[in-house]
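The data below hold one chain only, encoded as structure tokens and taken in the form predicted alone.
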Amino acid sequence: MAASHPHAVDALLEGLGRELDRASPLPLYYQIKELLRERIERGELRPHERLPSENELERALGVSRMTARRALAELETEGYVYREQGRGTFVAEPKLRQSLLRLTSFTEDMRARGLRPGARVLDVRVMRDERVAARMGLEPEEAFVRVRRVRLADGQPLALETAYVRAALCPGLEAEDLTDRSLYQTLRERYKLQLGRAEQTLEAGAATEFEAQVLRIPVGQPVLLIERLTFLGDGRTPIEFVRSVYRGDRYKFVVELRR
């Protein structure tokens, strides 16, 4: 674990003090948070480097303890820093970026970033779910193979994924070992199914007790809720519906807009 040299912390506090604008209508906690965020994003503060404590911010900047606490708390909520009990506040690893322009698997995304993808299987079963069938435009009695997994990057949990795959199109899928293996790769190689397109929605949420437990985050921490409906190569035949809960402190999605 890296730690800032005392002189580096002093220099940081001196810089913050010069840039803090007490005449600005922006609250002081927000200014402190933004000044620290900008330094993190520019790479001036590196991952696992220690930030000034609440007490240090209070003394050096002449602000209240509540102001200092709120600035650090918001940085933590947004995933820029993490705290360790009795040790302090440290710069977090940069968030993983995923493009919304291509249909790729979690495994492909992680490998493209030089990370080791993995999966821990929680349960696999054949079942019927009328709500999922309706979402996919299928008959209520359609059977699915439900695969619930925790997705990992370099051994760290990033997402809780629940996939419903049409059992009729991939018989025996429930017996496949999907630990540390791409579901899309299995569909392609084992069942010769080619994926064509997907419809995906994203929204903000808060981690439930179960989600927090498997993702190793506090209950109520912000998460990204994602639903994806995937079609085969003909663009019309649905094959999979997946609900995923991504850690909001480690993941962000990117889309390019053109005029």
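Numbers follow the displayed sequence, beginning with 1. Every value quoted in this text rests on a predicted model; they were computed, and no experiment measured them. If you superpose the two forms and keep the largest set of C-alpha atoms that fall within 1.5 Å, you have the rigid core.
Separately, the form predicted in complex with the DNA exists; it is not shown, and the next lines address it.
Remark: none of the three candidate residues (P218, E227 and R247) comes within 4.5 Å of the DNA in the model of the complex, counting heavy atoms only. Of the heavy atoms in G43, none are within 4.5 Å of the DNA in the model of the complex. Shown alone here, S182 lies farther than 4.5 Å from the DNA in the model of the complex, counting heavy atoms only. For R22, a non-hydrogen atom is located within 4.5 Å of the DNA in the model of the complex, even though that partner is not displayed. At a distance threshold of 4.5 angstroms between non-hydrogen atoms, T208 is out of contact with the DNA in the model of the complex.
Partner proximity in the model of the complex, defined as non-hydrogen atoms within 4.5 angstroms of the DNA, places exactly one of 165-173, 124-132, 142-150, 78-86 at the interface: 78-86. Within 4.5 angstroms of the DNA in the model of the complex, the stretch 172-211 places no non-hydrogen atom at all.
Shown in the overlay between the shown form and the other one, fitted on the rigid core, is a CA shift at L26 of 2 Å or greater. In a rigid-core overlay of the protein, E54 has its C-alpha displaced by at least 2 Å between the shown form and the other one.
Core-superposed comparison between the shown form and the other one: the CA of V145 stays below a 2 Å shift.
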